[in-house]
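Next up is one chain by itself, shown in structure tokens, the form predicted on its own.
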């Protein structure tokens, strides 16, 4: 059974270059691109107005953004090799908390993920190492876990909602799940061979989705490490993955300029949306504030488009 989604609004020219990352909170969406600034739009208003710009956040541009589920912590990763931590003030404006610098070489920190409570950040790196940092201290942000892999570029990373697991995807097709409690590798997952560009834990932390250049989305059981499903249909590299709040649906975007929504129960694609002919670097659900599901897409056309579930 298919689902219908309507285009709510499109912010044309949201950035002057490819938009590489979107990160929502309950009332806002943060976006970042090859330019140096982070832009923040209000998602509670129908025209999604720009409410803040973090000018010059990363002078060489920004490739990853992440927000905590509680909505008061954000992190940005720039091409210069620095991760910046941002906090939301009582005035609903974001300000810098500090920087995480790992040897200060571009690529030393690549992909990032922030825990649901905002207390931890996971990062991947060009040398394959996966690190977890504590953001809870007021003045310092120490590295508290360092996971070794086989040395292949870590293209993506995620933290489970319950905080127990870190997952990483690598250029050689490897996918790893680490146990944050024990500091040990839980599973080295088989199956995809080609570079992995997105990994995402389900909200209940029971499944991990992984995808990339193979154009297949693999679903793994987090406890057993068993591959339980393949979702096929994209015609290009899969660039991003995001689970709906309930875990019923998975949103994916691809280099083929298409976004797809998958119903997990049936393992079927229930909706496809195209956005021009440029790569869709980012697709994110917006936290559910009404009865209707909403998501946002962004990529090579420098626009952010918002979609809402059609009323049944």
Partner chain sequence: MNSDAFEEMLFGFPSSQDSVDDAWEDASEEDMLEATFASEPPPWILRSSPDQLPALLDDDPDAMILEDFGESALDESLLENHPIEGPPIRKDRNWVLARIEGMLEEIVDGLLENRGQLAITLKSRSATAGQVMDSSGGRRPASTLKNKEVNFPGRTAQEAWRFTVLLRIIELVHGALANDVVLSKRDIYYRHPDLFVKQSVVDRYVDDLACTFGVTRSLLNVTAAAKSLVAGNFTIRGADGTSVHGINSKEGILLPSLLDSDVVDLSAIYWILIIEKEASFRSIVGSPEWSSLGSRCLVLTAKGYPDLSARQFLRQLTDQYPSLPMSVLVDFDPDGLAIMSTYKYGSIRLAHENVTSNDTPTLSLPLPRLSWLGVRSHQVGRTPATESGTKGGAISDAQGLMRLTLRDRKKACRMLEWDTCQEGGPEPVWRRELQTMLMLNLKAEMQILEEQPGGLASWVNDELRATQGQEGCTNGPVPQAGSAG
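None of these values were measured; they are calculated from a predicted model. Positions refer to the first chain, counted from 1.
The form predicted in complex with the partner chain exists for this protein as well; it is not shown, and the discussion that follows is about that form.
- Of the candidate stretches 22-30, 59-67, 244-252, 40-48, only 59-67 has residues with heavy atoms within 4.5 Å of the partner chain in the predicted complex.
- Contact with the partner chain in the predicted complex, defined as a heavy atom within 4.5 Å, holds for exactly one of 97, 194, 129, 164, namely 194.
- Here is the short version: of 233, 71, 225, 151, the single residue with a heavy atom within 4.5 Å of the partner chain in the predicted complex is 233.
- Contact with the partner chain in the predicted complex holds for all three of 34, 216 and 239, each having a heavy atom within 4.5 Å.
- Contact annotation for residue 273: none of its heavy atoms lies within 4.5 Å of the partner chain in the predicted complex.
- In the predicted complex, residue 263 stays away from the partner chain, with no heavy atom inside 4.5 Å.
- Mapping the unseen interface onto this chain, residue 117 falls outside it, with no heavy atom inside 4.5 Å of the partner chain in the predicted complex.
- Taking the partner from elsewhere, residue 278 is found to have a heavy atom lying within 4.5 Å of the partner chain in the predicted complex.
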